[in-house]
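Presented below, as structure tokens, is a lone chain in the form predicted on its own.
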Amino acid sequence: MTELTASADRRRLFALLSPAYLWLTLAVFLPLSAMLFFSFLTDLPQDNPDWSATFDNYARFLTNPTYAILMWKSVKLGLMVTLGCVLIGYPCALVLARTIKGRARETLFLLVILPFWSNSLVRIFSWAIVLRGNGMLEHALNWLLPFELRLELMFTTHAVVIGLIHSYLPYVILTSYLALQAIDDDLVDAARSMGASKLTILRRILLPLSLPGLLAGAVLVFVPVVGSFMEPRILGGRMGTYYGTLIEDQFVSVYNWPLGAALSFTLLAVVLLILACASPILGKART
């Protein structure tokens, strides 16, 4: 009877998970498999009937130093944006979870998720209007300050970082907020009753217990930022050439899909390697 019940439970679980597995197969694994297949071709089959299999697309990454330089540049961009999101997002989540209550919290939550309600191009071009020379930010600062200030933020790395932080900051805030909300208030009250200061409570209770949520948000930021191309292209100008823009050029401008696919999977391998190296830290944070 126990085996029959377990078998029925497995069938019920499989039936419930089948739509999710089917969606993953159709929307993720099949496109990735096709892209992996393209990465080993000399040309697209529909463009050149004389195509053949080759490893030259991956070899070009190893032989051309420009690709490695752009890869490292994108990794540094991902680290900078992730650090900025953590430094800004965690205090915001802490205030939302432990300080503000009622309608004020709902209003601030609305402001946090507001970037998700607008088109990404609208957000990027809005920052272009704000950051450009003689733009809104420069006019506002010159109106407030007693001296004239000239900002040269547009078409710089700083502009790219600002635009990316604005786009991905909600991920860190939301994951950190959920982790902070799960902490039992009795722990904090007990620490206060024993004379612990706010800094001690933050350092010894809140931060360690909410670290898994913070690290999850950091991963959600780092992975897409490394391959981003819209923000660098629009806000960075000539300085916005990164590995993601290089891949976009191969697919859109050069129409070299095999090389673009190989560069994409190389980026995927590097990101997975970085996450694998960081997995001991992530695992320790969860315990």
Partner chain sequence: MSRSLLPLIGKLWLFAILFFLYAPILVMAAMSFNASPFYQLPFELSTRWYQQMAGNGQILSAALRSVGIAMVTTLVATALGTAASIGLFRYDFAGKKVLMVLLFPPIAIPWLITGTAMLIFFFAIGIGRGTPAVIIGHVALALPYVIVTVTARLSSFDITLEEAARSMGANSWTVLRRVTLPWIAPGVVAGGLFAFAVSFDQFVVSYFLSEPGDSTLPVLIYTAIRKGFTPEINAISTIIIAVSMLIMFLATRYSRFAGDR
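Numbering follows the first chain given and starts at 1. Small disclaimer: the values here were computed from a predicted structure and weren't measured. We call the rigid core the largest set of C-alpha positions that still match within 1.5 Å between the two forms.
Below, we refer to the form predicted together with the partner chain, which is not included among the displayed structures.
The candidate spot formed by Asn64, Ala68 and Met71 is out of contact with the partner chain in the predicted complex: none of the three has a heavy atom within 4.5 Å. Using a 4.5 angstroms threshold between heavy atoms, Leu83 stays clear of the partner chain in the predicted complex.
The partner chain in the predicted complex comes within 4.5 Å of no heavy atom belonging to Leu77. Contact check for Leu273: no non-hydrogen atom falls within 4.5 Å of the partner chain in the predicted complex. Using a 4.5 Å cutoff between non-hydrogen atoms, Arg105 counts as a contact of the partner chain in the predicted complex.
Among the residues Leu153, Val95, Leu207, Leu141, the one placing a heavy atom within 4.5 Å of the partner chain in the predicted complex is Val95. The partner is not shown here, but in the predicted complex the stretch 29-54 reaches within 4.5 angstroms of the partner chain through a heavy atom at Phe29, Leu30, Pro31, Leu32, Ala34, Met35, Phe38, Gln46. With a cut-off of 2 Å and the rigid core superposed, Thr200 has a Cα displacement that falls short of the cut-off between the shown form and the other one. Look at Trp23 and Ala216: in the predicted complex their Cα atoms move 3 Å or more farther apart than in this form. In the predicted complex, the CA atoms of Leu17 and Tyr171 sit farther apart than in the displayed form, by at least 3 angstroms.
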